[in-house]
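Listed next as structure tokens is one chain, alone, in the form predicted on its own.
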Amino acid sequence: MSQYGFYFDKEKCVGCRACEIACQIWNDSVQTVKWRNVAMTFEGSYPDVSNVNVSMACMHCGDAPCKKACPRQAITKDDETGRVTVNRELCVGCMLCLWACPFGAPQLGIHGRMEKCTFCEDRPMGIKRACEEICPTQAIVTGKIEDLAKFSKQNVSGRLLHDESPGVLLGHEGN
């Protein structure tokens, strides 16, 4: 089994919400609540306050707590891709999956059944997910977890080992 998932780079996200809109458009016929949500978090205290945009959806966990919590076995994990999906025919809307999910991904839809990101299950795995495809800054990357882990390490090390000159030179550094 391959486990697919998301990599999100908070340094690249500008909070444009294009990923939210792409998800809603791609899943228009089945989605009644937002499956991807961009939230802004704040750190610090006035006047030193900073913000970070975070694009959240179901993380399709390797050992999905929402699946374990579902008393109706309405949440399943695909053996081939690791996708975690909700079967709305079996779901009774008890919301135990929402309470178990550390990301708050499952949401109660207008039909009284839980809904969440399907990892664009109707798109072949060789192409980008809708949220990744539309992201103008490439803050969202999808793929196999082992590839994303390598990508993440390269991304972080690239930030630490940059060869750029400093943006500001103090008087004694120019000599």
Partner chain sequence: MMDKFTFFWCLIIVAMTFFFIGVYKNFAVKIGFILWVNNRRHNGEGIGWRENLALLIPLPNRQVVMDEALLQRRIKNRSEFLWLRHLLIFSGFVVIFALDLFLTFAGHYAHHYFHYEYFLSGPGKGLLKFGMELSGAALFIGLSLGMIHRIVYAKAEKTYVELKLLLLLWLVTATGFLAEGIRLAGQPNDPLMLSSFIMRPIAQWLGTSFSWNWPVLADGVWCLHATFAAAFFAYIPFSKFIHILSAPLGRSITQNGEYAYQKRQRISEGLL
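Residue numbers count along the first chain shown, from 1. Here the structure is a predicted model, which is why all the values come from computation and not from measurement.
If you look for the form predicted in complex with its partner chain, you will not find it shown, but the lines that follow are about it.
For the three residues 73, 96 and 100, a heavy atom within 4.5 Å of its partner chain turns up in the model of the complex in every case. In the model of the complex, its partner chain sits within 4.5 Å of a heavy atom of residue 10. Using a 4.5 angstroms limit between non-hydrogen atoms, residue 39 touches its partner chain in the model of the complex. Interface residue remark: residue 108 is counted as part of the site for its partner chain in the model of the complex, having a heavy atom within 4.5 Å. Interface residue remark: residue 112 is counted as part of the site for its partner chain in the model of the complex, having a heavy atom within 4.5 Å. The partner is not shown here, but in the model of the complex the stretch 46-81 reaches within 4.5 angstroms of its partner chain through a heavy atom at 50, 51, 52, 54, 56, 65, 68, 69, 70, 71, 72, 73.
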